[in-house]
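Shown next as structure tokens: one chain only, the form predicted on its own.
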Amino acid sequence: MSVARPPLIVAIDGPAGAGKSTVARALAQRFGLLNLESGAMYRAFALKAIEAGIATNDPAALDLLAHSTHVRLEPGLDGNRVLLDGLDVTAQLRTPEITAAASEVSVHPPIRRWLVGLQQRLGAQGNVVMEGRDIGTVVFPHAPVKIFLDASPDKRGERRYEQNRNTAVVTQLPVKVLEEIRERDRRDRTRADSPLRPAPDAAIIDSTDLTLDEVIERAAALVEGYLGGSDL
């Protein structure tokens, strides 16, 4: 007797600047999936911590703050709107300050447990693509499609610099962006709770020498391979 395939969940992990958000958006549009941005959730919480004057290295205070925090994603034509306690904070989440603070609050186990639970509830029905750093290993370990996007630190720094230069974000020198990429890598890969690493069954795509279109097509082929497969 055939058994229906599990709901489609595409888990995309990888270090900062690997292109996870861009690839997730492209897959969501192509396959009609809900794009759940885990990074946006951490950024929204980091914004609240900063506005509340709470240090990002104070886990007890951050844990208390989390109990009165509501983060919601609303899909739109141009991507998700991020609502923090009912207010749209989407435009405030891409500054270097918020980026750094999000990385710092994410190392604390109570904050990760809180947001992982929220992410799991949002994705429970399937038909979602979620990107982050522990999606395939912790949030959705049974996701049928797991992708680990990677690239050299130099390439990722170059991409992040170009991304910020073309937005309203204050431009940083390329060397500063690379320093922040390397520091983010160190925090992500060495934290005690859910360190960044590929899931054992993840398909690894190194985009160092690939164009964005090539990366998207490789990721899409993995989704198509699952959708086109026979029942498990």
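Just so it is clear, the model here is predicted, and its values are computed rather than measured. Residue numbers run from 1 along the displayed sequence.
The same protein has a further form, the form predicted together with 2'-deoxycytidine-5'-monophosphate, not shown here; the description that follows concerns it.
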Only hit among 202, 40, 49, 205 for heavy atom within 4.5 Å of 2'-deoxycytidine-5'-monophosphate in the predicted complex is 40
Q: Spell out, yes or no, whether the shortest heavy atom distance between residue 102 and 2'-deoxycytidine-5'-monophosphate in the predicted complex is within 4.5 Å.
A: yes
### Message
Whether residue 94 contacts 2'-deoxycytidine-5'-monophosphate in the predicted complex should be assessed with a 4.5 Å heavy atom distance threshold; does it?
### Response
yes
| task | Answer yes if any heavy atom of residue 135 is within 4.5 Å of a heavy atom of 2'-deoxycytidine-5'-monophosphate in the predicted complex; otherwise answer no. | result | yes
Determine whether any heavy atom of residue 159 comes within 4.5 Å of a heavy atom of 2'-deoxycytidine-5'-monophosphate in the predicted complex, and answer yes or no. no
In contact with 2'-deoxycytidine-5'-monophosphate in the predicted complex (heavy atoms, 4.5 Å), from 66 to 74, 183 to 191, 23 to 31, 53 to 61, is stretch 183 to 191
Looking in the predicted complex, the residues of 105 to 124 with a heavy atom no more than 4.5 Å from 2'-deoxycytidine-5'-monophosphate, listed in order, are 106, 112
